[in-house]
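So this one's two forms of a single chain, laid out as structure tokens and tagged structure 1 and structure 2.
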Structure 1
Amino acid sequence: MIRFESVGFAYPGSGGRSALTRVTLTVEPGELVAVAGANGSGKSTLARLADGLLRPTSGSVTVDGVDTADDERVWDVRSLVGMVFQDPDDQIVGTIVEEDVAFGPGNLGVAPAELRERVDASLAAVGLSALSRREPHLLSEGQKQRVAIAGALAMRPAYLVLDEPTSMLDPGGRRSVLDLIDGLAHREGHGVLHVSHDATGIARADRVIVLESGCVAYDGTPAGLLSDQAMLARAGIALPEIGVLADALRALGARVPEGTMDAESLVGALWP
């Protein structure tokens, strides 16, 4: 479990102004937790605290009981938590796809036979086995994001932290990566912390945390958030057109579930 206990954080040189204040939350294995909020709310700070890239100013962050502030356990934390950033080009370093996926575990001294198995399994998990010899710069943005996720998976983490991984993708790429994230949590059993401002991705989560000025303003179900127009506005989340249509149909008495954000779900609700 990733556990935040009354976590506060202030960046050096901020004059003591807190980026996060008394944040308490957990991410369980097999749970998909979305983190939302307006720009400057503290989302990316929280993501970096979750894998020890940052350390709390107050309170504590632990991963399966390991304190991220313990200098002697830093590699234990990094082996438990995989991090995927918004722009995959920021973390792709290999000249071909399989070389990039092998980079992390290779630096840890994983034996060649196991390294080969990890690379193959990670590429299969993200659906890129056929592109293992492709140069990353020839891939689409969605495929690059999958490579970044495969690189994190090759480290065999229990948890994944994804900082707005779909923000640069077109609708098709976004849907593909969201399907992958859903499967990593609900089929593969990874605990996933997904920072997102996209209502479609938020709707797929088991739980949503909304940050406002560094504090937890909402901790509940996606349906509860997506039906609360005031909270959506505070979080800077705009419903997609399908979500707006679903709301209108519910107002007319149609049996459309809360959180319906894509055409397939809407058609399935109307014509089961």
Structure 2
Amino acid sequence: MIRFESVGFAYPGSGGRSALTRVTLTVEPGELVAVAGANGSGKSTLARLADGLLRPTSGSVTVDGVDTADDERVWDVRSLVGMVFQDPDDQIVGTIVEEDVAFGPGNLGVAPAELRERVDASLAAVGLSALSRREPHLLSEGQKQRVAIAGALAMRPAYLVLDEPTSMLDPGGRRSVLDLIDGLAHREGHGVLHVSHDATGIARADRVIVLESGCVAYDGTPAGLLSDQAMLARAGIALPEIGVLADALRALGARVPEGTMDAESLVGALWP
């Protein structure tokens, strides 16, 4: 598992202002953990600590028992944890899309035949097969974000850290990436940390952690968070219109389950 033990972190030159304070959490294989919180609350910092890109100022981060601060084991951590950055431009390295996706697993020493299979499967999973020969930095932002997701998938890491992976996607793309994330954790057994502002994405997690000014303000079920107006406000999450519609229907007396976030479930609940 990924384990944060009382982790503190301050960026160099930030005048001692800490970005994270005493954060303790775990992500188990097969578990989908969402991380929410207002802008600047420390979510991306937490994500970068989870894959060893940053090292804690205090406390410790371990992945399957390997300390991310252990210089000798940097590559062990990198091969265990795949990361999708908030800004896809931060991770595009290849000159064509399929090279970019092959870069991570290639570095891990994956054999050519398997590499080919992984790249094709990952591009197909995000709907980019048709763009495999394009230059990644000359794509639209949503297309780039899907390249970044494919790159992390191709590494087939035990754990995946996804920092707002749907922020640039269209509604159809968002839904399919949420399905993909769900499957990675619940069908394929990856441990997944999903940073998100979006109630729809958060609702599908097993557990959600809310950061507030670098501290854990909530660690519990999505249903518990989504029915707690005060905590939602502290987490900077706005209920989407479908959630408002479900609330309004409940107020009128209809039986719509809490956490209904899609049209099919809502209509199914109204007219079973």
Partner chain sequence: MALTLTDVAFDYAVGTSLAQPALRGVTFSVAPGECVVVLGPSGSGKTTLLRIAGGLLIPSRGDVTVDGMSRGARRVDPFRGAVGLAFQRPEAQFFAATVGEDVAFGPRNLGNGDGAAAAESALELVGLSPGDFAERSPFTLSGGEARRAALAGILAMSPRYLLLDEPTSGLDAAGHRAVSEAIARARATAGVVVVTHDAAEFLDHADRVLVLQEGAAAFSGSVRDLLADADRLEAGGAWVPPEHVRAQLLARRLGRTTSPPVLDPGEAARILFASGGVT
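Source: prediction; values computed, not measured. Superpose the two forms; the largest set of C-alphas matching within 1.5 Å is the rigid core. Please note that residue numbering is based on structure 1, beginning with 1 at the start of its sequence.
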Number of the structure representing the form predicted together with the partner chain: 2
Degrees turned by the smaller rigid body between structure 1 and structure 2, as judged from C-alpha superposition: 20
Core-referenced Cα shift (Å), residue 138, between structure 1 and structure 2: 8.4
